[in-house]
Structure formats: C-alpha cells, structure tokens
Ligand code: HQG
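One chain follows as structure tokens, the form predicted alone.
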Amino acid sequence: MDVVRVSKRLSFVLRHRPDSIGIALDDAGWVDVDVLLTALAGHGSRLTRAELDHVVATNDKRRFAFDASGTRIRARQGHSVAVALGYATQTPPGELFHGTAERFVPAILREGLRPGNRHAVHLSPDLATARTVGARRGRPVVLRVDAARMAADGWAFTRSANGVWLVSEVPPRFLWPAQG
C-alpha cells in the first residue's frame, strides 16, 4: 500500500469531494468508516480497515481523526465543502507562522492571507513546520503572523486537534517575513 497515495485520496474525498465516491459527510464532516471503505472499493480504491488505521496513525500531518467510538472518520481541517468542525475559539500564542513558496510572497504581503477554496487560513505554531509546509510548492519562505495583535483586534482563532491554527484571513498589516 502506498500510504502517501492513500492519504491524498482520503484528503480529496474527506475534504473536498465526498460526492466523487457517492458519500455524504454529516454537518461536522464525519462519515461512517464502513460506508467510506465500501464506497472507496466501489470506485477502485480497495482499502482494508487495518490499512485505513495505518494511514490515519502514520500520516505525518495527522490529517484524519476517528471519533471516540472508532466507527466514524473525518479530515481535521482544510475542507472546501461546508462543515462545522466544532473547534472552540482559543487565544493564540503571540506569534504564528505561515509557510509559502517564494513566488507568492509579494501578493501575500500586499493582499494578506486568504483561505482560497478552504474555510480558513492555516497557520503553524513553529518555524520548522511552516518551512516544511512552504517547501511543498517551491523555495519556502516563512511569514510571521502577529496573532496576539489580531486576537486583541477581535479576530477569532481556533486550533484543530493536530495543532494547526485556523483563522478566517490574515490582513497584510499582521504579516512580515520571518528571519532564520
């Protein structure tokens, strides 16, 4: 089993296109594991429960979660379909980070960070994670986010179970390039 390929397939289905395999997510993004596995198999992606468990457990970004009973699964964040993940608003640390490719920096510094097709902008708690995220699409650049000032100005932050901080957008006045 190619864990990366399976993870990408699950991300596509559970974050963006559940309809591509004929399933529907509930309002909080959950789907029954058995329904998911049956639908995947019916669309050429046969996966056992043990393989699914392995992908969820070993995904380096911890993108997926089982509910407490282990019978339902969802993506933790990054959805382009409407879901209410139920994360409580939290006070962020003073500074958060956003990794991006160098070619996007001028536009981001001019226009700020926007969620694009997602429901929220994703921010990292540390430089190393942001750098890894930024390297996915080219030479990485890390931007610092003045999360303390944003929160003081009334911006609501949430944090997913895998530590990714979420906010609706980041205006340019709260951004600057990180050093180091």
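From a predicted model like this one, the values you see are computed outputs, not experimental measurements. Note that residue numbering begins at 1 and tracks the sequence as displayed.
Although not depicted, the form predicted in complex with the ligand is the subject of the following passage.
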Identify, from the list R139, R49, R149, R114, the residue with a heavy atom within 4.5 Å of the ligand in the model of the complex.
R114
Within 4.5 Å of the ligand in the model of the complex, counting heavy atoms only, one of 30-38, 150-158, 65-73, 118-126 shows up; tell me which.
118-126
Indicate whether F104 is a 4.5 Å heavy atom neighbour of the ligand in the model of the complex.
yes
Using the partner position in the model of the complex, report whether V83 sits within 4.5 Å of the ligand, counting heavy atoms only.
no
I'd like to know whether V133 contacts the ligand in the model of the complex, with contact meaning heavy atoms within 4.5 angstroms.
yes
Just to confirm, H54 within 4.5 Å of the ligand in the model of the complex by heavy atoms?
no
